[in-house]
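A lone chain, given as structure tokens: the form predicted alone.
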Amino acid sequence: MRVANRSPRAVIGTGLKYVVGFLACVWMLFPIYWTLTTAFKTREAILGSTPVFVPTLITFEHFRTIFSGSVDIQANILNSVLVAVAAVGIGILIGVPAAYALSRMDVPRKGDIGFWILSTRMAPPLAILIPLVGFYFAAGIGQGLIGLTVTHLLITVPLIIWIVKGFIDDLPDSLEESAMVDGCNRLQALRTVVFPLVAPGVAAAAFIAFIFSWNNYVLALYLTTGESATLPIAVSNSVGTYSIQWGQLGAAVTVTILPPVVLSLLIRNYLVAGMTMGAVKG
């Protein structure tokens, strides 16, 4: 009845919205689809004059090349995993208590402190590279995983603090007050009351921080060398001076995007709960 009573202009407008939305999805997802299919295409299909949108002949040669051939990105994958996990883990240990302090405790000039923490995300990475490189070489950790992990904390800690602080702000103060009346101190109230309630928000913040750390290219380019290079550096090596190894590039990109996708599937329940916490429910 509602559809029958709608005017032709409203029906056309709704149809146009769906068409525009569909075209926007195709526009955004087609590069990902093309990259994934390129990883499984033969060299002839990739370099042929006629584009092959749906490959009929599947090959895993490009994956064999990047894992056991002249490229061998296994060490790069391990480096990326170590850096991302360490940056996110340490970021949570620092960020969650800091977010609680900024949300609940009477910290002098905490508004200015919060803005300063947020402002660290406004500076481009290249603006901090020169002093960081000099400092790391003076400290003896230049071009290694330790220096890169410490630098990634500049990305993960502000993100975690600001995201988790928003979730803690939505919790009523009476929860911690009740726990402290029962004998808990601030740290125990944070561990036993606040943290379990904001765990979905912490998971969402950790996931976003993991993506930022996993995909970072600029910092790894200047702060790592051959043995300590991360996966984005290995992907860029598929682009040579005179040629581009399209199959290897597609396979390397496919391997790069798999960990965030798998991680999102594993913690999808926490992510959904984290994204909906604080939403107005009617």
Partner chain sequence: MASVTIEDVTKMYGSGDGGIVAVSDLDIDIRDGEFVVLVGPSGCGKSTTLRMVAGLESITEGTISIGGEVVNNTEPRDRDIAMVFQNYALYPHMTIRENIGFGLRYSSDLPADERNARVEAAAETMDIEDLLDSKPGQLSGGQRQRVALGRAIVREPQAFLFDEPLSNLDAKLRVKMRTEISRLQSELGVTSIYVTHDQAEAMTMGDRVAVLDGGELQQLAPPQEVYDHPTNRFVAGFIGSPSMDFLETTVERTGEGRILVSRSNETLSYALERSTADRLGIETGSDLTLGVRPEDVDVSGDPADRDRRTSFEATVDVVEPMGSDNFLTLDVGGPESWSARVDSSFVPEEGSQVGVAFDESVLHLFAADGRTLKSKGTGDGSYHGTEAIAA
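Positions refer to the first chain, counted from 1. It should be emphasised that the depicted structure is a prediction, and the values quoted were computed from it without experimental measurement.
The protein also exists as the form predicted together with the partner chain; that form is not presented, and the subsequent description refers to it.
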Taking heavy atoms only, is G140 within 4.5 angstroms of the partner chain in the predicted complex?
-> no
In the predicted complex, does A179 have a heavy atom within 4.5 Å of the partner chain?
-> yes
Exercise: C184 in contact with the partner chain in the predicted complex, heavy atom 4.5 Å | yes
If you check in the predicted complex, is V193 within 4.5 Å of the partner chain, heavy atoms only?
-> yes
Sole residue of V85, L78, L197, I146 within 4.5 Å of the partner chain in the predicted complex, by heavy atom = L197
